[in-house]
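Okay, so we've got a single protein chain in two different forms coming up as structure tokens, structure 1 first and structure 2 after it.
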Structure 1
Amino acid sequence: MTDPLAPAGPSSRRPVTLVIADDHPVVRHGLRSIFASSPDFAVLGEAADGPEAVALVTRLDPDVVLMDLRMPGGGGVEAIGELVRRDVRTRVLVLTTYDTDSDTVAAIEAGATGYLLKDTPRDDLFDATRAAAEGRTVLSPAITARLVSRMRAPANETLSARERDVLRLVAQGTSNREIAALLFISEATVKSHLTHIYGKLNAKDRAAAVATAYDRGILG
């Protein structure tokens, strides 16, 4: 007869289910192996790009999707936005090598629950994945420090690296479609960057933004 007062073992907890989205097979295999080492997790599937990740998450309904950001077949930010539009319950935990302001803010604004770098230690990755599954926001220490610095900076100094890239191309007369192709982002993301740029520079259009940027030394 089972003792009702005995503590429940680790197997009594339902494992956190996962989908891994990364364009590198070696990375996907490595992550699958890492999570297979713990009974607290179960990897349901792998995706090589954003659209495949959206399809898998919609079909498999995992607790968490580990999402890379820059994938040739379709980026992570666009995939996050699509999952939010579909109102899935799955939480998105970004796992990437990119820690720039533009990548971080774009992912969080799109709806990511957390943002980690790929050098995160195994146990920290486990803790973050559990936290994400519970809906808690998780940020790597490096990302947290960058965001705090960004919040404290004066408004006219907060153009991100990606926003400067976009503005530099605008100054060269590049169209939104061409900018999207050059930076491997969607046209919608380009428009979003431009909206942020206009607000930060208090500019009403592309020409005014470029002129203000030159005046302030943002573009040399």
Structure 2
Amino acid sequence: MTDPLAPAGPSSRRPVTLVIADDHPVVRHGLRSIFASSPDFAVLGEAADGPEAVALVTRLDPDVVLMDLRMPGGGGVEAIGELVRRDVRTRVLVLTTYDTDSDTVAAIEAGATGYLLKDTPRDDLFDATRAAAEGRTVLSPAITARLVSRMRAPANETLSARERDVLRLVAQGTSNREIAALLFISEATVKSHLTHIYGKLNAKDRAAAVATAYDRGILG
């Protein structure tokens, strides 16, 4: 994993330019000071939310933007999508505390080049950032493991929008009949959706479905 003899040309190449996007001042300071300790990187700027990050990246044109996923006022996923839409050359490296399935999948699908957890050690962070700058995909070991196990277990299907609607109401204690009324469909349809949800989430009943939905980040 950590190769001290890795051919990392410190002064040979131009430093990797960065923008940091995180709503936590503590984390921004931490990342800045970590990258300041190496001549291979140059932090061009910091943003505290999604829109700010998009504006900054567009203006500064960094090699990589380190982006937190959960930020107030337009989350990270929307920002990633916007950057992709603008077709910037900057690579997005998601760096977050959370590792729920929905976050991970959403970020990768939106176009992130990598996904790291904040407990990543300094050197691994350097490696990953360099890799991201070159367009290589990097994932935290924990994330990789879960995605792989996810692929292996077909129990990992995605809920449709309608199924999520139903599940959200179920989590509020709404009965099938009430759900039917609220969604303007018949009770039979609600039951049908629920049967599909149980199958997809591998849950035995509505309580278990709600629980695994929370575990996977679908709810809450």
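What you see is a predicted model, and the numbers here were worked out from it, not measured in a lab. So that the term is clear: the rigid core is the largest set of C-alpha atoms that superpose within 1.5 Å between two forms. Sequence positions of structure 1, starting at 1, serve as the residue numbers.
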property: Number assigned to the form predicted in complex with a further copy of the same chain in this pair; result: 2
property: Cα displacement of A171 between the two structures reaching 2 Å, rigid core superposed; result: yes
property: Threshold 2 Å Cα movement between the two structures at K204, rigid core reference; result: yes
property: Did L56 shift 2 Å or more between the two structures, C-alpha, core superposed; result: no
property: Displacement in Å of the C-alpha of F184 between the two structures, rigid core kept as reference; result: 25.8
